[in-house]
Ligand code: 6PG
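We begin with a single chain expressed as structure tokens, specifically the form predicted alone.
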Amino acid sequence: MKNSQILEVKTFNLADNQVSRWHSFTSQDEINQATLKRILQAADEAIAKHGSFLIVLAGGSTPKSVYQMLAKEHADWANWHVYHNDDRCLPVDHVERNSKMARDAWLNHVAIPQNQIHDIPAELGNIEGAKAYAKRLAGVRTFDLVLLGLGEDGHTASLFPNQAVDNSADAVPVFNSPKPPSDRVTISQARLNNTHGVLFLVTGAGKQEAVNHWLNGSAIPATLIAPACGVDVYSFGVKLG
């Protein structure tokens, strides 16, 4: 792996009591390399401490590039457990399913046991899919690393602006998503916060307005993710003020 070059690191105390550490990178390749390194390091530390590594995946183009890189790495795959922060209520083999993207880019190419890859059964519909995934998460220990993205409207996972926060279960149904499809399943805010690490991947000028709101202290959905460990934001192509 290459060494990544960080332009700057800034720490902010923001809305919803979130502490965020912003790491600015010089290129898309730099952020990809840094993310790869962070994931592998977190895996080694978790396996040494707990005997397993619990990672929650995000969808999107930057995570996909990182997953393709992970497919070429040698790791202690037998002790990895993979979850998803959200997924769309579409057929299993639909191109827009986060689970299909992760499997095609990475998971089908490494030796993680199939019973340790926990796709959201969103094809069951948002209500039944959420019930099933909440049951899957029951008794699962604190996550080791949660990967998240940032939408242009400030959403993360499938936690959207102007929608009530549902923490009734570890996984909850989403109705009337402003981005199609309208029905989704997401891990709840409270369960996403039950983690030893959070890494947001924020790239592209299209995210600038959401970043501005975030850094100005506005309570956007991304600021709901406020674990005791704080969050790290790896950014490229946006200005931090």
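Counting begins at 1, following the sequence as shown. Note that the coordinates shown come from a computational prediction; the quantities given were computed from them, not determined experimentally.
Just so you know, the form predicted in complex with 6-phosphogluconic acid (6PG) exists too; it's not on screen, but the next bit is about it.
This chain lacks the partner; the member of 120, 107, 145, 150 within 4.5 angstroms of 6-phosphogluconic acid (6PG) in the predicted bound form by a non-hydrogen atom is 150. Out of the listed residues 61, 176, 208, 26, 61 is the one that sits within 4.5 Å of 6-phosphogluconic acid (6PG) in the predicted bound form by at least one heavy atom.
In short, of 80-88, 124-132, 107-115, 162-170 it is 80-88 that has heavy atoms within 4.5 Å of 6-phosphogluconic acid (6PG) in the predicted bound form. Not displayed here, 6-phosphogluconic acid (6PG) is kept clear of residue 99 by more than 4.5 Å at the level of heavy atoms in the predicted bound form. Shown here without 6-phosphogluconic acid (6PG), the chain has 155, 156, 157 in 155-174 lying with a heavy atom within 4.5 Å of that partner in the predicted bound form.
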